[in-house]
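There is one chain below, alone, in structure tokens, taken in the form predicted alone.
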């Protein structure tokens, strides 16, 4: 193998700004392939082609490239001369790699100078493969497929194809800040917004000095898992323990979780302004837990008065849908490990399910909100994760 082709779908539907999206996707692919001896990355109509030096780990490169947002699928194969004999020779070599009883040929011409149409290529090359192998043609459910891409004066042939995550290239929709717990929901919410082109920084609240470091480790592992898709992640770690102690001392127990979350949102909004993030992302799913009723969500949002957008990409999803996503993107196993979540620190037996802004404001009257927010931000720790490492 000496080449990859990255096909995209949604990016190809863009109009006059399509070039901007393609350039960002090409940059992200280059970054994902850093250290893997690629020689050239070229943009073509509906695809990006990557050539490799001899002996390069092309299979490893394909796995990395297949996680890049914006990629519909990756073809991992060979550059060949665009003629029938080369298509026959290279295709039979690829087919010899694994046994099969049925096959299909699927060619695609894009602004190609090749004289035959795609259907004609499929028929002729399919005939040659059938004669050489004795296998039958099956266009519905073949055991082996040979794809042939023809573009300009070049051709790429491959049998191995990896599905990508689709969406838009990370970075085209601006910077956003995701609140990241150690649980199942928030990593999926961050992933979904990154898939829509956001550059997602992450903010994790931990209960130090009243909890052990397990939630920090968990958040760091989740951020690493998400970095496989967006290639660089800035992770902010903020201690919430002292704020929680003040809330427990001065506020009604039934409102503790709501007040914790209001303080989190204030801290997140302040940090978002400092980081020039355009929106906050949370993993709220309507009605899933007590703090996520429509009344409680509204009361948490009411703590902010600066107009920052709050995005909740999971709000209409049920738990099983979120779990399925978490398994698919590789965060579920991490999220289900035991850890000391700050939100259950000093958790009341009967948290309110219908808090209102006036109640929360009255309960916060004895708290020096600005001082507590400032102290938490002063103690922030920021880590930068990159994949692959620079």
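As the structure is a computational prediction, the values presented were derived from the model and not from experiment. Residue numbers count along the first chain shown, from 1.
There is also a form predicted together with ligand ATP; it is not shown, and the following applies to it.
- Picking from 197-205, 133-141, 69-77, 153-161 the stretch near ligand ATP in the predicted bound form, with a 4.5 Å limit on heavy atoms, gives 197-205.
- Though ligand ATP is absent from this view, in the predicted bound form it lies within 4.5 Å of a heavy atom of just one residue from 239, 313, 82, 183, which is 183.
- Taking 299, 282, 233, 107 one by one, only a single residue has any non-hydrogen atom within 4.5 Å of ligand ATP in the predicted bound form, and it is 282.
- Among residues of the shown chain, residue 146 is not one whose heavy atoms approach ligand ATP to within 4.5 Å in the predicted bound form.
- Although the partner is absent here, residue 289 sits close enough that one of its heavy atoms falls within 4.5 Å of ligand ATP in the predicted bound form.
- Shown alone here, residue 262 lies farther than 4.5 Å from ligand ATP in the predicted bound form, counting heavy atoms only.
- Heavy atoms of residue 317 never reach within 4.5 Å of ligand ATP in the predicted bound form, leaving it off the interface.
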